[in-house]
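Single chain ahead, by itself, as C-alpha cells, in the form predicted alone.
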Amino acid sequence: MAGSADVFAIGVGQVPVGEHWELSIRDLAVEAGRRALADAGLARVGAVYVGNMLAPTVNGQQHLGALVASWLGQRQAEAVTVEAACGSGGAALRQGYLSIRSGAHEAVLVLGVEKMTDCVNGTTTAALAMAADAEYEAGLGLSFVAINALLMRRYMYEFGVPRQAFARFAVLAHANALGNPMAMFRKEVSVAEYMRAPFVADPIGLLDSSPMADGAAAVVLASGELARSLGRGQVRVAGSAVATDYLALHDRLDPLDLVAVRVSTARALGQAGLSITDVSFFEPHDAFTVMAVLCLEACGFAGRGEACALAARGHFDRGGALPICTMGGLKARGHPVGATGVYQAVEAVLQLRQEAGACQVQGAKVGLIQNVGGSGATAITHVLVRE
C-alpha cells in the first residue's frame, strides 16, 4: 500500500460489560458509538463498520450496520455488519483500517456489539457452536467449551503441564480487572479458588472460561491528515493482518499450533516494521486459559510448552516483561463476542494515551491486540503505536 494514508485511532467509547437486562442491542451500540464520536470531536463519519456474531440468531436482528448508523445520526453513510465468529470485532477494525488506508474515507466508526444474555435453554451456547464445523464438530455435539477442553487436555499430555499451571492466567486477568471500571468481574481469584471451581468440560473449569456478556465498544479511525488537524495524532494503527486456518481441529496438522495466529502476528508486525521484542503489552484472545497459552506460544512470546512456566514467574504480569490482559482480558473484563476485538482496541488506545488509570502499563509505546474467531480458524492482529 505504498503512498496510502496512515491510520490513527482518534476516539474511543465503551459501555460496561455485564448483563444489561434493561438495554437492547441497539441501545448498547448507540451509547458506545456516541461516546467514541464525542471523544474524537466528530459529528459525522464516512462509514460505520459493526462487528457482531449473534444478533440474527439470539436477538432476531440482522442489518445492524444500517440500524446502528441511522440511530447514531449517520444516515447515508456506508454501513455494514462484519462477521468472523468471536473475531467479528477485530474483523470490523480491519475493514475500517483498510477503508482509511485506501483513501476511500477520511474517518470511520468501528463498533462491536453483542447482547448474549436475553436467552434461555442454551440458545446462546448453540449459537456460538455455529462458528465450529457444523458437520464434524457442532453437529456431533461439540460446544466451544468442549473443543477447548480437547485442546487443553492435549496440551497437558503433550507438554506434561499440570492443570494447576493454567491458574496463573485466570489469577492475572482478575487482578488486572480490579482497576477497570468497565470490567464484568472486578474481583480477585486465587489459585485455590481456581482449583475448587466446578468443571464445565473437564479439564476446563469455571475459572478457565470467559463469561457470556452484553457489551459494546467503538473506535473512530481517521487519516493522518485529519487526525493531526484535530490535534489527535497520538495513536497510530501501524499494522493490521488477518490469517485463516481449517475450521475443525481434526483437519489441522497440529491442533496446538495456531497457524493463523502465528501468520497474522508476523504480517502485522512486519507492516509496522517491528518485532515481538518491541511490544510493550499484548491483549490475547483469552476466551479460555488454554487459548491464552496457545496464542502466546504461536506469536513467539513463549516457546512451545513454556507459557505456563513464564506466567508462574510473573513474566506476563503488569510489571513483567510482557504485560497481558492489562484491563482484565476476555476472562475478567468479559467476552461479548462480537464486541471483544473492539474492546481490545479501546483498551490499547487508553494504554498508549496513558489514560488507563490503575491499569496503566508504564512507558507503553507498542500494543499488540489479537482477536480470534472459532478455535483458531481466523486470527486478526493489530499493532498500535504511540507517536
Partner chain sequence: MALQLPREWRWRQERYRLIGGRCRRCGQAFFPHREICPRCLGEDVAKEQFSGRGRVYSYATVYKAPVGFEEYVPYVVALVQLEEGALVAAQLTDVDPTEVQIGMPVECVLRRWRTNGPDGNIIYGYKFRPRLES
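Quantities reported herein were computed from a predicted structural model and do not represent experimental measurements. Numbering follows the first chain given and starts at 1.
The next section is about a form of this same protein that is not shown, the form predicted in complex with its partner chain.
> Going by heavy atom distances of 4.5 angstroms or less, which of 102, 277, 229, 123 would be at the interface with its partner chain in the model of the complex?
The residue in contact is 123.
> Work out which of 185, 246, 159, 97 lies within 4.5 Å of its partner chain in the model of the complex, going by heavy atoms.
Here the answer is residue option 246.
> Looking in the model of the complex, any heavy atom of residue 149 within 4.5 Å of its partner chain?
Taking the distances in the model of the complex, the answer for residue 149 is yes, it comes within 4.5 Å of its partner chain.
> Please tell me whether any heavy atom belonging to residue 71 falls inside 4.5 Å of a heavy atom of its partner chain, as the geometry stands in the model of the complex.
No, residue 71 is distant from the partner.
> Can you check whether residue 253 is within 4.5 Å of its partner chain in the model of the complex, heavy atom basis?
Looking in the model of the complex, residue contacts with its partner chain include residue 253, since a heavy atom lies within 4.5 Å.
> Within a 4.5 Å heavy atom cut-off, is residue 225 in contact with its partner chain in the model of the complex?
Judged by the heavy-atom cut-off of 4.5 Å, residue 225 is well away from its partner chain in the model of the complex.
> If contact means a heavy atom within 4.5 Å, which one of 196 to 204, 105 to 113, 230 to 238, 89 to 97 is the stretch that engages its partner chain in the model of the complex?
Careful reading of the contacts points to 196 to 204.
> Non-hydrogen atoms within 4.5 angstroms of its partner chain in the model of the complex: do 135, 142 and 154 all have one?
Looking in the model of the complex, the three residues 135, 142 and 154 all sit within 4.5 Å of its partner chain (heavy atoms).
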